Each structure stands twice: as structure tokens, then as C-alpha cells.
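Alright, two takes on the same chain below, each alone as C-alpha cells: structure 1 and structure 2.
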Structure 1
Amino acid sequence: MTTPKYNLLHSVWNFFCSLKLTIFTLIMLALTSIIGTVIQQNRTPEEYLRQYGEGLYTLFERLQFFDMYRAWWFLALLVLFCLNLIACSIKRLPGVWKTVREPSLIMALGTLRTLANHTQFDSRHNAEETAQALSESLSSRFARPVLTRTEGGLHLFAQKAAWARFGVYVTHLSILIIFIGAIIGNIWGYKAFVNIVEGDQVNQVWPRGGGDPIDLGFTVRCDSFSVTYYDNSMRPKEYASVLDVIEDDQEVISDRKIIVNTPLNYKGITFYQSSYGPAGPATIRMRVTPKGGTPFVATNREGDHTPLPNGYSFAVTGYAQSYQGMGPAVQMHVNTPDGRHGNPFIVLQNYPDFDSRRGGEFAFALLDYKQPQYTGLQVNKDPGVWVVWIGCLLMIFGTMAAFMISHRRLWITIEPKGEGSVVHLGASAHRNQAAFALYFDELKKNLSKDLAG
């Protein structure tokens, strides 16, 4: 009579070994992953409030939809799936191990004839000679057989790629390793961002979704930032940052250029080029030529008024990378000594004498336009990424072994028949039965041929 305690443990064990549980957790993981795809993860509360409103924001926040891959319910699904995987593997592994390590060397004739691949043929040699000939033929064409003698005759057994049976368990192990890597990344890693103005440096980054800044443990400096555009447009073609890494007052990485998809990695922290933007007003260098006077160079900050001789002043109010296909240009105006705002006009950098035709008190030529930029960096730390890669490699090998390689077994029983013998041959494969049937047809022809020769 079974005890209640045994029944409870048995029920729990069967629950975790259940295929229904596997299907349930896979469906739930797939469905909940849709939430993580539809709802952008780890954005700021302001972005979520603007997108969903206060009511939905409060609900989604309580359900942890904004950081669902770290939510307790998602981690619980992963743990449940892992337990299910482990329990199923433990339950089935001993049987597979026994099949591989302790194969049945003899198959009863009744059972052998039920195999999908079996045949029977006569040999003019006696049983011992037939067994010897078949052993040599199998060794060269299939695998070295094991010979067993019984009162009923001689028996040969050979198998190939028995280890392929463990492919599915390698795949299970790889899934567990990938999950462990993901959990390590979720617990000890982070996704953050930082904006660095050209010439400036930082030693902290800000986690996406808000929270206290994270110390890097070293300093990152942006030496310069550059952006190039497609011809005759303001559409960026490439933008790049030149970064230095400074640790303990020493520059450990110098002048490392990063662009999109070419990040900087240091101590497991990866900096991706993500965005950019203006950081403060631009600085413009102009060559100014007074009417009948000597040219000089003036520097102006965009939006400010720069004094000119005789009480005049000028200001730059706009810039275009390509003005009507004629290259860089600024829009500016000149104020009179009594403070009147002059009419705006355009100065083209590629045509330095163009403005002299305007006939004003001063002629301008654009020498240089320098807009200080900040570089926006996405900062990721994932200490579990190598664990995930190991899991992925194992999954490739495990999947190939499980689905592309078949464990093939062959049994032969040789019975005396007059001065000769009769050969009963049967074989099976645990994968790809159609291909093995073709292989078996070819093998039995070759064995008969070798035996006759």
C-alpha cells in the first residue's frame, strides 16, 4: 500500500515530467515575449506616460511590462521550464544510457522478423565460416561486430553512432546554459546610456528606464565627433565618435573610433554609437571686408551679435549644410550703429566673393562653421554573454546530433542448414527511417555479394 507522502512526491515528479507542462510553458513564454516585443522595454516613465496615459501606465507598471524580462513572473516561467527540462532528462536518460552501454547483442528471430528492415538468405559456408566472412564484411562496410555463440547458432551485433542518442540531452543542457547566461546578464548586467559633449568626459552612465547613475569604474572621454551627410541632403550618412578610456590617470585606450555596429568594449562594458545632437551654439569664423577697407577675421557665436567697426554689428541666425546645392551657407544680418536690424542675407562658403555683390557696408565670407555636438552612446554590460555563446555552440552540436545523425543497429543470426547455413539479418535506426531503408538495401546486397565471393 502506498503512503500519502509517496503519492505526493510521485505526483510532483510526474507533474514536472509532464509533456503538457512543457507545451504550457513554451506557449506562455512565446505569448509573454510578444508583450516584450510590442511594448518597448526600459524607456523612461515620461515616454511611457506620453504613449499610454496615466491609467495604462499604472497598470503596466504594476504588471512589470516595462521590464518584463526581469519580472518575477517571467523568471518563474523560465525556472519552471528548466525544472521540467531537467526532470524529463533525468527520467529518460537511464534508459538511453543502458541502450548505448548495454545493447542487446542477440535478437530473437521472432522479434527480428518484425523489424521494418530485415531479410534472410542462405550461405554455402558453414555457420563459423559465414560468421567470419560477415564479420570482415561488416567491419569494412558498417562497424566492427560483436560475436555471441548460443546453442541455437551464432549471433553478430554491430552499431554505429550510438552517441547520437545523447544529442537531445546536449540540446537540453544547452538550453539550460543559455537560460543561466541570460539570468546572469539580467542580474549583474545593465543597459544604460550617456551623452558626452566633444572634449568632455564621464565616469557614470544612466540606466534606461530611470534610476541612480552607475559608476563605470573608469573614465570615457570624447575627443571628437563627426557626421557626414548624403549629397544635397541633411540625411546623415555616417556619424562617428573618437573615444579615450582613462583608468587610474592613465589612458588605456586612445583615439578609438566607433561608428554604428563598431562599438568600443572595455572590461565587459560595450559602448555603441547610438545618437548625436547639438550641444550649445555654433562658432562661426567670418572674413569681413569693410567697404574700401582691409579684410579681417571675426568669430561669432550663433545668435550673438559681434561688433564691427564704426558701431555696426552682425549676427548669424541659421546654417545649412547644403543650400540649394551650392554647399554650406549661413543666414545672417547686419545691425546699423543706431540699432536697426538689417535685412537677412545668405553667405556661401564655396563662393567667398559672392557677398561682395550685395553692395553692403561690409562683405562677408564664411571660413568655418563649427557646431559642438554631443555623442549619444548606448552602454551595455552583459557578463552572461559568454555563457550564452557556449550554450549556443552546444545547441548547434546537440541539434545536429539529435536530428541529423542516427543511431544504427544491426543484428545477424546464423543457423546451421545442412552443410551450409542460413543468415537472418535485421536492422533499425532511431532517425530518418526512409534513408536507412535505402542504406539497408544496399548493405544487404553487399553482404550477400561478399559472402558469395
Structure 2
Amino acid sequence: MTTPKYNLLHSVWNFFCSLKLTIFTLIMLALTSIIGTVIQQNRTPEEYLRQYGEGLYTLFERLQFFDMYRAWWFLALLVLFCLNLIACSIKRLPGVWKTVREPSLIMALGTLRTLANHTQFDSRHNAEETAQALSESLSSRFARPVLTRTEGGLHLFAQKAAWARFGVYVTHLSILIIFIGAIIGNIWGYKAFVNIVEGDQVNQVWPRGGGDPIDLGFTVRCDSFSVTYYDNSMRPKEYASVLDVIEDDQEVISDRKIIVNTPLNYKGITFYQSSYGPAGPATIRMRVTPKGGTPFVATNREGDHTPLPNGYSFAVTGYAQSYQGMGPAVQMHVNTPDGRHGNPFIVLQNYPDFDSRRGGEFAFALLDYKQPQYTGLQVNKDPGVWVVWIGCLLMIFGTMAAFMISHRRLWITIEPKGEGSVVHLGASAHRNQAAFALYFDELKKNLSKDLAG
């Protein structure tokens, strides 16, 4: 007699164990995931209103399409996926465990003959001697067998790669571990950013998406930031910041260069090169040669006028990393003593004598141009990342074992027959049958050869 309560529990359990649920959940996850790739995620309401209009905006907002991978219904699908995976594994694992740990050591002859790979041959030795010889032969060629004696004769059982049966469950477990890692990262980690002007230092970073600044517990200083380009082009080759870490007045990390694919990691907090920009006016050093006079060095801050002898002054108004393929250049002008702006002209760093041909009151040569930069760093702390990597490693082993390794089993029954005996041999593989059939042909030849020899 089953009570209704038991029936209900039973059907709930069956629902969660069902493979149809697995296929449904996987297809639903695939279909719904598309939404977030078509609708850009986590933008401002203004952008969405502009793009979709009020009606659609309200609908999408209600359906949580603008942050759909954190929407309750998407998370519910993921939870359903996990419950299904756990229930399926709990239901099927004990059977598989039994197959592997307590294999049936004897296979009835009737069943043995139904195996795709089976054969029988005579041995001139008696049953005990035959079993002995086959055991040795199997140990070296396949796997060490287990011997069982019954009234019907002697039985050998050997198996290889039984653990491959667990591949599926290792894969399932790995998915759960990855989820746990992601949850740990979400609760105890953060994603933040900080901008540091060259020469400055910080001990706080700002969470992305707003909120109070987070104390690092140490200080990070940016010594310098630089962009280098591939020769004669504006194609960036490298963005690099040079950082120091200071803790308790001690410089614990000095002059560490970080570039896009080489971050700095200190105490579980990682600093990634992510952006940069100008911070304040540039400083330009010029060698100035008055007509018929001796050269001297003048320093100009972009936007200011730098005085020159006899009431003249000059200002730099622009800079190019590569001016018409001739390298760095500034645009500048000279003001006359009566305050009139002169015509703008270009000074090339790579051609220091060029400007004297202009024939002005002063000839200029560009010594250097320093634009102070800030470096934009992404600052992440994710204490769950190691859990995720363990999950990923398990997943790699699990899928490889599940798809590429085959559990192979072999049963032998030896019956006495006159002076000698009869050997019945049967074998099965849980995948890749075609290859195993060839392997079995080879193995049975070798076994009977060993027996005869």
C-alpha cells in the first residue's frame, strides 16, 4: 500500500530524475541566453528608452531582460538544472558504483554467448592448469583477473579502466563546483577600478556600479605609464604601467611593469591594465636659438606662454605622436613684443635643424614632450576563482574519461573436458565497440597462442 504522500514525493523525485527535464532545461537555458546577447546588458535607462521606446522598455524592464543573467527566472533555471543534475547522479551512481566495485565475477554461459565479442576454444591442459596459464597471460596482456571456483568449472574476470564509468559523474560534480566557486566570488569578492596619475598613490579603489570605496589594506603607487606603438603607425603595441606596492611603510613590490596580459597580484587582489588618459597639461622642453645668438633651453606648460628674450614669448598648441609619418611633432607659435600672435608652425623632434630654415626670430628644436598620464586599473578580488579552476580541471578529466575512455570487461569460464578443458571467453566494452572488436580478435588469438605454447 502506498500512501498519497509517498506517491507525491515519489513523483517529485521522478520529475527531478528525469532526462527529459535535463533536455528541456538545457534547451531553455540555450534559448533564453540568446536574449542577453541581443539586448545589451546593464546600460542606462535613457539608452534603452532611446532604443526601444517606452512600451517595450517597460515590458523588458519587468521581464528583467536588461540584467537577465541575474534575473530571478534565469537563476531559477540554473537551480533547476543543478537539482536535476544532483537527482540524476544520486539515482544512477549507486548502480554504477556496484558495477565497478562489485563486478559480477561469473557470467552464465547462456549470457556470455550473447555478448558481441565471444569465442570458445579447447585446451589440452586440465582446467586448473588452463586457468593458471590464462591468468598469467591475461595479467601481462590485459589486466590481472580474479579467479572463482564453482561446481561448473573455473571462472576468470578481468576489467580495465572501470573508473571511466565515473567520468559522467565527475563532470556533473565539476559543474556544481564551478557554481559554488562563482557564488563564493559573488559574495566575498569585488570588481572595482582606480585611476592613478603618474607619481601618485592610492589605498582605496571604487566598486564598479557605484558604492563606497574599498580599502585595499596597502598602498599602490604608479611610477609611470606609457604607450608604445608599432613602428611608423598608430597601432598600439603595448600599454604599460610601472607600479609599486607599499605596506606598513615598506616597499614590498618595486617597479613591477604590468601590461594588458600581465597583471599584478598582491594578497589575492589583482590589478589589470585597462585604460589610460591624460592628467593635466603637458610639459614641453625646447632648445631655442635666437637669430645670431647662443641656444638655451626653455620649458613650456601646454596652454601657457613662455617668455623669450626681448619681450617675445611662445606657446605650444598641439602635439602629434606621428606627424605625417615623420615622428613626434608640436604645433606652436611665437608672439611678438607688441602682443600679436604669430603664424602657427610645426616643429619635428626628429629634425632638430629644420626650424632654422623658417627664418623666424627664434629657431626651435623639440627636446621632449611629457604628457602626464593616469593609468586606469581594474581591481578584482575573487576568492572563488580557485574553486572554479578546480571545477574546470575536474570537468576536463571528467569529459575526457566519459567520452574517450572505455570500460572493458572480460569473462572466462573453463569447463573440464576429458583430459583437457574448454575455454569460453566473452568480453564487452562500454563504448567504441568497433575498435574493441578488433582488440578482442587480437587478444583471443594471443591468449590461445599463449595457452598452446
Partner chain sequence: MNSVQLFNLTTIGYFASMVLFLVYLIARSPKLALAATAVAWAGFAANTAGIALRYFEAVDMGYNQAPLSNLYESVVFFAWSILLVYLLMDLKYKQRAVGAFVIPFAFIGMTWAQLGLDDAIAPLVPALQSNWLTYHVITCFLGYAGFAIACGASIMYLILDTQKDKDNKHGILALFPDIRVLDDINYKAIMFGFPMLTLGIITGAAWANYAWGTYWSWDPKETWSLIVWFVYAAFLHARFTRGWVGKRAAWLSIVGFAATIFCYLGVNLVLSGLHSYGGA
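Computed from a predicted structure; not experimentally measured. Residue positions are counted from 1 along structure 1's sequence.
Colleague: Please state whether structure 1 or structure 2 is the form predicted together with the partner chain.
Modeller: Note: form predicted together with the partner chain is structure 2; the other is not.
Colleague: Given a split of the chain into two rigid parts between the two structures, do Leu85 and Asp244 fall on the same side of that split?
Modeller: In the two-part motion between the two structures, Leu85 and Asp244 are assigned to different rigid parts.
Colleague: I need the hinge angle between the two structures, given as the rotation of the smaller rigid body against the larger one from C-alpha superpositions, in whole degrees.
Modeller: Comparing the two forms, the minor rigid body swings through 11 degrees.
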